[in-house]
Every structure is written in C-alpha cells, then in structure tokens.
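Given as structure tokens, the chain that follows is alone and in the form predicted on its own.
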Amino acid sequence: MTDLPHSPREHLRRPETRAALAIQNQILVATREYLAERDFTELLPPVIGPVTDPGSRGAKQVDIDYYGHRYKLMTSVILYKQAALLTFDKIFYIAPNIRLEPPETFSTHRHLTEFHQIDVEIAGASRDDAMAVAEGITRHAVRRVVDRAGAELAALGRSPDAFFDLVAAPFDRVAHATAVADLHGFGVPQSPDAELNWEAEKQLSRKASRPFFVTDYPKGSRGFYDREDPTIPGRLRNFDLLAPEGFGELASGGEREFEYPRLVARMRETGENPAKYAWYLDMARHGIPGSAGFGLGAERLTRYIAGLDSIWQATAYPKLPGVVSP
C-alpha cells in the first residue's frame, strides 16, 4: 500500500493524487448529469443542526456551541433530505459529513472522518426505485470515467476490463439473512440481528465480481428512519450496495418512516429521545411525504473505480480515524 504522505504538499503533488481526483471529478459530473436528466433538483446541504443522523455505527458526533445552544456537525443529512421533499419531489446533495470513527477503523482502508456523500431522496418512491437510481449513478459514472479518464485509470494501474461484469447485467441482490448464512459457511462470524460488520462486508465483497445489493436488514440494526416492512414485522425495507474485489460498502438506503406516531415509536425503540428531534417531528406531525433514498460515498466510489489501495488516496485533504491532520 502507498505510504501516508508526510504533508498536504507531498500528497497534492503526487501524480497518483491528481489521477484519483481527476477520476473523482468525472464521477461527480456523471452523477449530476444522470440526476439532472431525471429531473432531480440539487440543493446545498446544511452542515450544522440541532440533531443529526444517530445511526453512524460506532462513530461519535461533533458538538459545537451555536449561540449558546449545542448543535451538531452533520454525520448525514437524512432528516433534512426528508424535509426538503416539502419543496421538491426529487432532490440530491453532494453533502460533507463528519464522523469521528473509532481509531481501529483506520485499518479498514475505507473510513475517513471527513467525507462526502451523494445523498438522494425521492418522494413517493419505493426501495426498488432508490436502488435503481443508485445502480444507475454507478453505471453512468463508470462509463464516463472509462470514456473520459482512461489515461488516469492507466496511470493508477486500473484496467477498464475490471468493469466488464458491471455493465453486463443488472446488479444482483441478496437478502441479509442469506448473506449471514453465506458468511457462516465461509467461517466468518456475523450476527443475524446486526448490520454486516466490516470484515463480513469485505469477505462478501471479495467473493463478488460485480456490485451487488444486500437487502432486508433486521429491525434494530439501523436508525429509526428506515421503514419497517408493513407485511413482515421485524424486517426493514432497506439496502446496502457493495462493490466487488473487497472494496465493500458504497451506499446505504431504503424506504423511510414518515408518519409521526411511527417515528416516535421507532425513536423510542432505538433509544433515542424524541424531544431532541422537535423540529423534525413537528414537520412529520404536519405531514412529510413518504420517500426512499440513499447516501453513496463519493470517496468510496472513487476508490473502487480508481482501484485505490486506501480511501485517503481519494481525497485532497485526508482525515483518517485517530490521525490528527491539516
């Protein structure tokens, strides 16, 4: 693996950095192109708020003093995406996020404490609708990079042939319960009641030749906003998108809880205090649209397409778990 740079100057002057960021630029252009053609409206994301996404898998939130009130830096704009649907039916952000990941995630090579998500939300949509958009963005980004950034791929030792299977057919789907059974067959420990852990994701990813979806996570494994299947209690209408070759999770999403009583009940089930979410619950009490959406990691997608050893190579100013940096 490429060694961490000693300074921002060293990192920014590396030819590999330039190639990776050029590929990332094509990914973002492709994303905006794909979504604009489908009548999505891009909004500018909030970066602070009284609350943020509580479901960040062990990561700590960052508090700030906002005129004498304790506010949060965004770990995810999920709540604001739902609220924004009061204005437009189909929206997206290229949203910055701050999560103080546990220091041990440094070794996963796919965690940053400062990163960006392609955040999409669609009023009146199903999980399948959201999955189709996530797949469409991924395919469109790959095609654009292959067409427009072939020299940069070559400079990083990444062959366009790596994406042959990706464009050959729709992405596969596997239910969470089936994925857990497969992992146990591989000798990889994984609780049937929890999110796939990082090692489990990596092992599933290594055995795949193309991106695939994991669906139907158990209730309790995700935040209060993932909608419980009304026909199958205890199962969520959600998904992850995993890249092949060991690159792991690219995106998470699903259908959203949006009815006030259900949101309050789910908050309490997940140990959240509804009083903290007063502004959000007030909007839900007056009515917000049912929706589905996802967050797709810009740096993670860059790492996969560029074939990078570590995610810090996919950002100009890398901030890694446990490492103090400019």
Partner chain sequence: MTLRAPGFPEARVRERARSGTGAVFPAQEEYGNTLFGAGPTVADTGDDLEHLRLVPPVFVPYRLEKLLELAREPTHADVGLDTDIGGLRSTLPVYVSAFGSTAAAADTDLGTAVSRQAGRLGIPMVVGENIVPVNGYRPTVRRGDSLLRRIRAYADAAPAGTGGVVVQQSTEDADTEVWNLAYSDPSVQPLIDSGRLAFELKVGQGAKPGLGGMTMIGRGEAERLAGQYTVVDLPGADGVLRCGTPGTFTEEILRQQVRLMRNNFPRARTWVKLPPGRDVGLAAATAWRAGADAVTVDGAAGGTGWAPRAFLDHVGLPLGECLRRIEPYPNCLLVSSQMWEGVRAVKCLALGARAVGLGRAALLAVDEAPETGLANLVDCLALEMRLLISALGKYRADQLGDEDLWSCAEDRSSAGLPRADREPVAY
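Residue numbers count along the first chain shown, from 1. None of the values given here were measured: they were computed from a predicted structure.
Although it is not shown, the form predicted together with its partner chain is what the next lines describe.
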Check your understanding: Thinking of K60, E101 and A194 as the candidate spot, does its partner chain come within 4.5 Å of a heavy atom on all of them in the model of the complex?
Key -> yes
Revision key, fill the gap. Picking from H109, R210, K90, R222, the single residue whose non-hydrogen atoms come within 4.5 angstroms of its partner chain in the model of the complex is R222
Review point. Out of K72, R158, K81, R237, which one falls within 4.5 Å of its partner chain in the model of the complex, going by heavy atoms?
Key: K72
Check your understanding: At the 4.5 Å heavy atom threshold, is K276 in contact with its partner chain in the model of the complex?
Key -> yes
**Study point:** Non-hydrogen atom contact H286 with its partner chain in the model of the complex at 4.5 angstroms
**Key:** no
Review point. In the model of the complex, does D39 have a heavy atom within 4.5 Å of its partner chain?
Key: no
**Study point:** Exercise: P261 in contact with its partner chain in the model of the complex, heavy atom 4.5 Å
**Key:** no
Review point. Quick one: which of 23-31, 263-271, 288-296, 40-48 gets within 4.5 Å of its partner chain in the model of the complex, going by heavy atoms?
Key: 263-271
Exercise for review: Could you run down 290-310 and flag each residue that has a heavy atom within 4.5 Å of its partner chain in the model of the complex?
Suggested key: none
